[in-house]
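Quick setup: one chain, the form predicted on its own, written in structure tokens, and binding and motion questions come after.
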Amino acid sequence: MARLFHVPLSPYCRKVRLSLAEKKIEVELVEEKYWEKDPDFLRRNPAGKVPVLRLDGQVMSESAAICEYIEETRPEPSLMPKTPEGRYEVRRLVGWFDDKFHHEVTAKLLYERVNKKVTGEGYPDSKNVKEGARAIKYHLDYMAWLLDHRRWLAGDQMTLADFAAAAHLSALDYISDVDWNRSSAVKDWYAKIKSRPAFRSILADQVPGFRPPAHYADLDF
């Protein structure tokens, strides 16, 4: 069985978990306190980051590379389009959420409010929190624009781009940092994707000291 070293609210870990679940790959989840720099964990990934996946006799790190490996070795159901243009758009959007969205939103909301407390790094920086709260509005509006032109974020089929976005938004939703009333298109998209079986284990996550809102696991929110 595959083994994934992860942190429950890490968007990068969630993206990998969604890919594994969508492909129906059984996986053992091992919660890893990466900030403690355990020597065994650092041997698995000298970068000291999660996720780390043990699959097919290999130990792999970096979520984007892991997800593409899963896609190439387990191509059904497909999470990448058939055309080069389609695959480019998926990769562009995965990069958008894992880089731009992460730095402008996730790191300034989730990491300030949750990670600092969990890792003992202190209290949230109010300036960062305010900046993140402003930035997420821009990103939700961009998603709404995409969904006005497409059925899913990258096109007419659900792809890894949707999982990347949903991984970040689901983690932020756990701490009530997403205004779902800002866009009905984004809210409908999220309701559609969170109703998939692949999302079940993620919606069951519990982080000590933090209680998700009532709608978090509600499929009819």
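Since the structure is predicted, the reported quantities are computational estimates derived from the model, not experimental observations. Note that residue numbering begins at 1 and tracks the sequence as displayed.
Below: the form predicted together with a further copy of the same chain, not depicted.
The single contact residue among K130, K137, R92, R151, judged by any heavy atom lying within 4.5 Å of a further copy of the same chain in the predicted complex, is R92. When you look in the predicted complex, the only residue of E121, E76, D141, D99 with a non-hydrogen atom within 4.5 Å of a further copy of the same chain is D99. By the 4.5 Å heavy atom rule, the three marked residues M60, A65 and Y69 all count as contacting a further copy of the same chain in the predicted complex. The stretch that touches a further copy of the same chain in the predicted complex, counting heavy atoms within 4.5 Å, is 41 to 49, out of 24 to 32, 186 to 194, 152 to 160, 41 to 49. The shortest heavy atom separation between R87 and a further copy of the same chain in the predicted complex is within 4.5 Å.
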